[in-house]
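Quick heads-up: it's one chain on its own, the form predicted on its own, in structure tokens.
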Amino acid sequence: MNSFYVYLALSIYVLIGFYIAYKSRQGMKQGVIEYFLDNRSTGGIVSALSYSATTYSAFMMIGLAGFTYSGGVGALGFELIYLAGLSLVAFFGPRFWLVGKKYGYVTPYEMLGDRFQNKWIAIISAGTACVFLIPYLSVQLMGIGYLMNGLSGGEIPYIVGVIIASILAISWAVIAGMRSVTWTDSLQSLIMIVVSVIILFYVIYTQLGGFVSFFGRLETEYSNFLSVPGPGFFNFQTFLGLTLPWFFFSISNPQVSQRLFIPKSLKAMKTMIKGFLIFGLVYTLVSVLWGFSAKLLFPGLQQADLATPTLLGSEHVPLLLGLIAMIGITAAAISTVDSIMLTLSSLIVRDLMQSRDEYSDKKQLRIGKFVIFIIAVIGIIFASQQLDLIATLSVTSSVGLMIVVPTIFGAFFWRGATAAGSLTSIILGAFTALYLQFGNLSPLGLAPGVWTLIITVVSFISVSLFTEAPKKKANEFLGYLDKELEDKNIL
């Protein structure tokens, strides 16, 4: 594909994106809540689209399609587990929103630190999030660099793609904070879903004879791929290890759980959840079918992750659709990058620096915007090295971020939960995740994610039983929630 067409498509996308970002600034006030949370005033549809774009990175079009290519229909079950995990959002979402509005929380870790009356919970949780999320951010930048380099036949250098993605993510995060991110995310999520559906139907109907022929060929040529464990990849241990962190993703990942603070009302949150469910189901089915399509058209690929790039760069996909698909994948990655940048900035300003009461809003914003540039530079440096270490950390991130799950459950449902229990579980959990993942260890055949969850749960409960809970704050926090949930008829 000629690099001119790649640059042309990118230019159109960038112009539209910047127009939307600048329009979002109109009427915006200057304050921490306005910048990081859109003043808790985001509508339901925008919340749903932004939540979808933030959650579904380039992993879907490339990673999930690759999983399907190599492992078969087990990939569908793997991704549906995440949708099942959205039940946690339906349960925790109203609780996050209610206490966030009452106490002025900006980050989920700020909430946990206040609930347990211990600032070190917020500090250590934010620190571990930086460890696990910055490399994951870098992987998104790497994906865009490889995509542009591959589609242009090497005419666009890898590092140029990385820098372009970084500049766009920085700009859309800085222009108007969460508001510009949610508005541009809305554009990007629409591009993602529309592009993937169009290409799927085009390929199946013009290249594979329609859905009847498509499924008939799958049953004839790859019948073992239509059952679990299929060719062997999705055995029980692997499936459990992959899906357990994914199930808790909606509350464990701060760039996602922070979105539970931004809807303007509980009604808007319900719309967000319903919209995301529809988006997620469609996008999951399309990505899996996309992987099966590549399997039929290109059965001999040595690397499963090449399924999508090979399909897009082939004669089976017209130039225009290939360009739009490139924009869709780029949009998916950038939506994740700018969301992570904004969330990490808020974690550093509010949790690591503990600036809630010490600095004015103006100073916090100035520091936060500067931090976004620093995060971007670190991300570019990591991505430019193309280190295997980044890939390892990106896998570890989903496991490592689970370490706060017991603390979140305890914060909302156990008056006896203690700060000591929380800190112990977070520290031991982080050590376990890093040690097992980097050591490539699976004691008793169980994946690092399983052991991480077991250790965090056991340590949180056992230490809490022998230490003192902040009873006054627990009674105030949970008493308020009980009253509000009962008044609003929410379980």
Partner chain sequence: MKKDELKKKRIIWVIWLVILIISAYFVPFVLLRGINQVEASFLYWTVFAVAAILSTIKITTYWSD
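Numbering follows the first chain given and starts at 1. Remember, it's a predicted structure, so these values are computed and weren't measured experimentally.
The following text describes the form predicted together with its partner chain, which does not appear among the structures shown.
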Whether I81, L285 and N489 jointly form a contact site for its partner chain in the predicted complex is the question; each needs a heavy atom within 4.5 Å.
yes
May I ask you to choose, among S87, T206, S360, Q385, the residue with a heavy atom within 4.5 Å of its partner chain in the predicted complex?
S87
Its partner chain isn't shown here, but in the predicted complex which of G74, G400, G328, G410 has a heavy atom within 4.5 Å of it?
G74
Please tell me whether any heavy atom belonging to D482 falls inside 4.5 Å of a heavy atom of its partner chain, as the geometry stands in the predicted complex.
yes
For E221, is any heavy atom within 4.5 Å of its partner chain in the predicted complex, or not?
no
Hey, in the predicted complex, is S227 touching its partner chain, heavy atoms inside 4.5 Å?
yes
4.5 Å heavy atom contact, R95 and its partner chain in the predicted complex:
yes
In the predicted complex, which of 307-315, 374-382, 271-279, 126-134 comes within 4.5 Å of its partner chain (heavy atoms)?
271-279
Counting only heavy atoms, which residues in 209-247 are within 4.5 Å of its partner chain in the predicted complex?
F215, E219, S223, N224, L226, S227, V228, P229, F234, N235, F236, F239, L240, T243, L244, F247
